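The chain below stands alone, shown as structure tokens; this is the form predicted alone.
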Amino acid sequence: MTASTTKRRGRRTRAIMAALALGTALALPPPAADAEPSGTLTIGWQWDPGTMDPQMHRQRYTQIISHAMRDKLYYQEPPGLALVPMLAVSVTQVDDTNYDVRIREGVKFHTGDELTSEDLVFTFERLWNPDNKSPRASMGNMTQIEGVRALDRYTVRWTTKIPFGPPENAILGFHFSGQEILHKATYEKLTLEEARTAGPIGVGPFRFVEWLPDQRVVMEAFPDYWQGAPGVERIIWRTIPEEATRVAELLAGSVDMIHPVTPDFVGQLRAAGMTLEIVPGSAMRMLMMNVREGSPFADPEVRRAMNMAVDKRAITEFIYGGLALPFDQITGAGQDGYIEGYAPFSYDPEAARAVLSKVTKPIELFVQEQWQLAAEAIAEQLRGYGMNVITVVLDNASFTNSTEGGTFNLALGGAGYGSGDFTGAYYNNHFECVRMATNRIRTGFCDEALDARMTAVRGEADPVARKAMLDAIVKDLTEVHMPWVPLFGEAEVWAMQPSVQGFRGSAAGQMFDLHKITLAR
């Protein structure tokens, strides 16, 4: 890599990190208080939510649906990752292990009931109940929380097992931006299976109408929403897995907005006069390698060679048309723990060939359709070293079952860091040994000593010491353990009819603030 290329990449990385850090200054104002909701917004997107229970999933697309109907204590105001209060009014540190959270008064659920501290206590106790086995219970630093209790109608005290530091650090550990608040009177009566399909009750801008799995979700405006009535009367989320079909329907006018959009269609949509919203993304695409005994990737030297084998810059340039940033470390640009300028492996075909030419076992590279082209390019590069690699395209459910079941050798996967945090959901969802105990083991990598070091990071209040400790963990994961080949981070792209106004894309890939959308038609 030339010095000029390195400088350009550095400038580009810093620009993306700056964009990710954007916060309240770019927020759009809510609709006027006297505006009546009008029109139907039809969104064509790739997914089906799979559940209506916001505590029984780890999928971004499921949370998008939940966000539209339920609010949280904090959220990341588009377009960046900065946390701002939502239902919370204040977080006050009482002492090293106690924090009082005050919530807004007068906020109404869709039932008309007022939100109170009892709903918060119920929400988090349900989340942490071991009998429920919520996959979200370990996100953030929540395993180090002793409990919650109501102090009065609008104040809840969180008690932690270890110091969480000042409030701005504590809210990350509490994962306030990742959990929607439930209506206690409704959900305390539902079994887990009933909650999976029951219509959500929340304090969000839209209320539930229907869910036809793999077809559509329909919701309508909640006129008593605490931030003001939404701009549109109804939202229909249509599940359209094939991107070409989504694009065709947008161009035909049968949907108003589509997501996700890959670079293959950006030029066509621009030429057709569609509005594009493009923001730097907050997801890592990587090659996950199965490190278990019997896999070619159980050998660290093979994993090291893999990290030198892929020309990721060619992929981002020629496949993504510049709408992606090459990644060289386990952390992504703008994420807590990202080390500016750290790139321990360079693209080195000769060094890779010396090792990978000896890997003769047939290998299937699992991928979902959206990333097939990148996977095909990677497989072709690996075949050039003498490896016997073919791509296998799987649907979302099959891909998840294979990766979480550990029944794969190589997979092009993804890791979102929409919270901006590394020590919480990102680490425990991909590296922490607790995954082994819950049979969601993916690469099979686990190191209890590394987990202990991460626990120490979570309890470190000194920002300088914390950064040094976290940097060391990132480096060990990237160049010592190497369960991944970091590849790239894609931009988040939405396309919509010009009549759709007021939408602001999120670097977290979320669709926040849908109540601010209006339709000019």
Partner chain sequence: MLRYILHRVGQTLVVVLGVTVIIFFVLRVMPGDPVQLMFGEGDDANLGESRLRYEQQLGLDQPLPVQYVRFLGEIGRGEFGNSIVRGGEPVIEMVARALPITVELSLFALFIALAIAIPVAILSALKQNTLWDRGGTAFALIGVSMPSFWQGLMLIVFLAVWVPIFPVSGVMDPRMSIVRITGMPLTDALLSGNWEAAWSVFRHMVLPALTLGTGISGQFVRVLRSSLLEVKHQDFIDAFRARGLGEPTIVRHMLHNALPTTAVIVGMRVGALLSGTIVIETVFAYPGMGLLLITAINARDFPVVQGVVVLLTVLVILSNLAADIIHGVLDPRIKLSGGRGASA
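Residue numbers count along the first chain shown, from 1. On a predicted model such as this, the values are computed, not experimentally measured, just so you know.
What comes next is about the form predicted together with the partner chain, which is not displayed.
Checking T186, T391, Q329, S138 for any heavy atom within 4.5 Å of the partner chain in the model of the complex turns up a single hit: S138.
The contact with the partner chain in the model of the complex, taken as any heavy atom within 4.5 Å, belongs to S398 out of Q370, T111, S398, T92. The three residues H67, H259 and L470 each lack any heavy atom within 4.5 Å of the partner chain in the model of the complex. Stretch-level contact analysis of 292-300, 213-221, 330-338, 111-119 against the partner chain in the model of the complex, using heavy atoms and a 4.5 Å limit, identifies 213-221. At least one heavy atom of A244 is located within 4.5 Å of the partner chain in the model of the complex. Contact annotation: G459 falls outside 4.5 Å of the partner chain in the model of the complex, judged by heavy atom distances. Using a 4.5 angstroms threshold between heavy atoms, G384 stays clear of the partner chain in the model of the complex.
Contact check for K361: every heavy atom lies farther than 4.5 Å from the partner chain in the model of the complex.
Residues I236, R238, T239, I240, P241, E242, A244, T245, A248, E249, L251, A252 of 227-253 are found to place at least one heavy atom within 4.5 Å of the partner chain in the model of the complex.
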